[in-house]
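Before any questions on binding or motion, here is one chain by itself as structure tokens, the form predicted alone.
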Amino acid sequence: MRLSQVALRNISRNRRRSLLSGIAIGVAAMSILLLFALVDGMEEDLARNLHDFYSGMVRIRHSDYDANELVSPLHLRVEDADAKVATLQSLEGVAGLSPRINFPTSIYREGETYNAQGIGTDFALEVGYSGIDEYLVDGTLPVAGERRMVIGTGLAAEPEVGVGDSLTLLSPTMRRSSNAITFEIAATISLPVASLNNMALYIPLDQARRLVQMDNSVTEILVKLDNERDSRELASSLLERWEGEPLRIVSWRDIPSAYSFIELARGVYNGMAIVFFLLGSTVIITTTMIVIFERMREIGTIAAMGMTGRQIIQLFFLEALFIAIAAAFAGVVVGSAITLVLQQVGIDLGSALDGVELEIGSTIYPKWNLLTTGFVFAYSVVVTGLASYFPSRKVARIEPVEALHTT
């Protein structure tokens, strides 16, 4: 009888032991796959939030703005912004644009003052750029010319305001004086980044220019591309096009405050994956070794019947391999099914991210990946095979009489 047939017979004869081994391998494979999917989802979410709300794929600012950003230097601006937006819209590969005025503001309501971060934007362009309309909770987006605003639900909660209420915004101007305009709340939005949701309000770009007295200028223009890999090339070509103007045009990969977040997060996530890999491997290895050492009497019996040490090693290796293939396959199938569901509904981290300053959304959507799935399957099978080989080799060298006396 072939060793493979003997291995299959042993597996079916010892169903409980085989099932326990299989469950351990399957759960480990499923867990590792889910972790990788979560890590990929978090990394993608972080990159998307940075592109949509902070850095774009290419960012255009005044050359001195970054060095003075903490004091909100409105006088350090991108001039002739409308013409620049029109130029960018004509370029091939540009997927979206967002000209913005970022300004510090205080909300005044019924004798109380609340600090906020104001963002003046062209809502018609912003919808195509960040999909801001997808985050609407109540109301509708304002249009150019209206003194209406959009406010994050977190920011709206403190003064307890909603759609239809009026708020007065007090802000410094480009000329370092002060100005105030009263806006009606047109909509509330729940932004994916908690820190932004708790501080941000949006007003039409023309109204922001009036508030901070900035004619046809913006503090930044964010650009999104069809292919992110072209960001450095576009930044370089725009610098040549607008040579002589005091502009800093950079790819998001060259912005320390942006791309470094991705690099930091990737390092943290990879560290988590390695730890989980080791835990999963430990479960597989420990289970396989325990099963083999518990079968010492069986090994003694088959050795006494004339089976060589090499055949014993092959037999146990085949048993572990067959169990690993079936269990790992089941594990990645279940893990893939769970991932595909979570990829649609997401995982609500909610209050778990309170106080976290990283630009991660409160809902994470794990990302299924075919290469990762294949890797986890192969890894689980290989680890199980190695875990069975070495202890089988050791016990196969024990004399049959000694093995038969093992309890």
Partner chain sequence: MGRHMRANHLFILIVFTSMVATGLSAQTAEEIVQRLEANETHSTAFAQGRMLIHDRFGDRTTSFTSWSSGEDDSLIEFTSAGEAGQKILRTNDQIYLYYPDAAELIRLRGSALRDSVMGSDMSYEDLTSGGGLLSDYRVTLAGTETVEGVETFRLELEARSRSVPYASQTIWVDTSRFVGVLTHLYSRSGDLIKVSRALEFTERDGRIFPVRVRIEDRLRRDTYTEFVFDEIEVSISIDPSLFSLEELTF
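What you see is a predicted model, and the numbers here were worked out from it, not measured in a lab. Numbering follows the first chain given and starts at 1.
Keep in mind that the form predicted together with its partner chain is missing from the display, and what follows is about it.
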Of W242, F329, Y108, Y135, the only residue with a heavy atom within 4.5 Å of its partner chain in the predicted complex is Y108
Of these, A180, A83, L264, A337, which has a heavy atom no more than 4.5 Å from its partner chain in the predicted complex?
-> A180
Establish, in the predicted complex, whether N68, V71 and Q213 all lie within 4.5 Å of its partner chain, using non-hydrogen atoms for the distance.
-> yes
Looking at 168 to 176, 196 to 204, 94 to 102, 313 to 321, which lies within 4.5 angstroms of its partner chain in the predicted complex, counting heavy atoms?
-> 168 to 176
Is E112 close enough to its partner chain in the predicted complex to count, meaning some heavy atom within 4.5 Å?
-> yes
Do L238 and its partner chain come within 4.5 Å of each other in the predicted complex, heavy atoms counted?
-> no
Within a 4.5 Å heavy atom cut-off, is L76 in contact with its partner chain in the predicted complex?
-> yes
Looking at the partner-bound form in the predicted complex, is R147 within 4.5 Å of its partner chain by any heavy atom?
-> yes
